[in-house]
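Form predicted on its own, single chain, as structure tokens, below.
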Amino acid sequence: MIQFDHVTKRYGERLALDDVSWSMDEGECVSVLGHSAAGKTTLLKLITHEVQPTTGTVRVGTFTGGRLSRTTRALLRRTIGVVYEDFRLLADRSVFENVALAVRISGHFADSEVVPRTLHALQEVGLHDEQAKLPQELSFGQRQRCAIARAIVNRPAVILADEPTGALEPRSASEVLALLLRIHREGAALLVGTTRPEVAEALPGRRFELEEGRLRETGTSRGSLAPLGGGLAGGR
């Protein structure tokens, strides 16, 4: 599904990724552990084609790296949902409109399509009753769940999560990871980049470490949410 062939990425003199060859299968769960600025965000941006490799090739499904046309890039991003560390919610739009915008960007504009898709996604993340609120009226945990609703509303084949628990206290972090894992079990591939070892350990599947631009596999985990503390109650 995702394949990196000898991918190097430089930003001027700074080396973000160094000759990375790596692949991820359809429906797989993978975690990438690394310190801040280790290159995790660059890895995800290469998958979404927000940035291009300095050398090497990135393939995502039938899409091969290179400068894609706007139409082709839009088709690619319909297959990918992204959850950002800083949420990237529009402050002047309601929770409903933040999620509905992703449906419209994918090419669906009729209310008969936008409204039920959006409401279903909000129901899945437990924000149906908060849909009229603005992002700043939500807790950090709720904002992250809104970002997840936006990422899953088009039922993508893969979810990319960039430090999804970074701004959250342990209980909310456990809830967010449990939500991502539930979506994964329903069939979506899940790739999580994190600075927190306990997050990587909580996720099932292959684990990698990214250090000095090099990606190496460190093992496989069955996954356990226990290290993060707390169960799935509340969500505040």
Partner chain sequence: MQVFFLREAWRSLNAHRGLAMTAIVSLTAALTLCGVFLLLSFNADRTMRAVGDRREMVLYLRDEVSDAEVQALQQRLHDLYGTTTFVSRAQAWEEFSEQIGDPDLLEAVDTNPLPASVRLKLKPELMGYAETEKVARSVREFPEVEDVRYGAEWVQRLDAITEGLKRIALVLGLVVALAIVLVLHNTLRLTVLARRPQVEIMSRLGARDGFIATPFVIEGFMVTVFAALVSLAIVAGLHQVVAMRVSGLVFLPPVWMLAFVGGAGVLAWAAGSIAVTRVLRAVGP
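Residue numbers count along the first chain shown, from 1. No experiment lies behind these values; they were computed from the predicted model shown.
What comes next is about the form predicted in complex with its partner chain, which is not displayed.
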Quiz prompt | Which of 116-124, 88-96, 135-143, 160-168 lines the interface with its partner chain in the predicted complex (heavy atom within 4.5 Å) | solution = 88-96
Quiz prompt | Full three-residue contact with its partner chain in the predicted complex, heavy atom 4.5 Å, for 28, 182 and 207 | solution = no
Self-check item: Contact flag, residue 104 vs its partner chain in the predicted complex, heavy atom cut 4.5 Å
Solution: yes
Quiz item: Is there a heavy atom of residue 73 no more than 4.5 Å from a heavy atom of its partner chain in the predicted complex?
Solution: yes
Practice problem: Check whether residue 211 has any heavy atom within 4.5 Å of a heavy atom of its partner chain in the predicted complex, and answer yes or no. | Solution: no
Exercise. Answer for residue 50 alone: is it within 4.5 Å of its partner chain in the predicted complex, judged on heavy atom distances?
Key: yes
Exercise. Determine the residues of 132-155 with a heavy atom within 4.5 Å of its partner chain in the predicted complex and present them in sequence order; the list may be empty.
Key: 150
Quiz item: Versus the form shown, are the CA atoms of residue 93 and residue 108 closer or farther apart in the predicted complex, given a shift of 3 angstroms or more?
Solution: farther
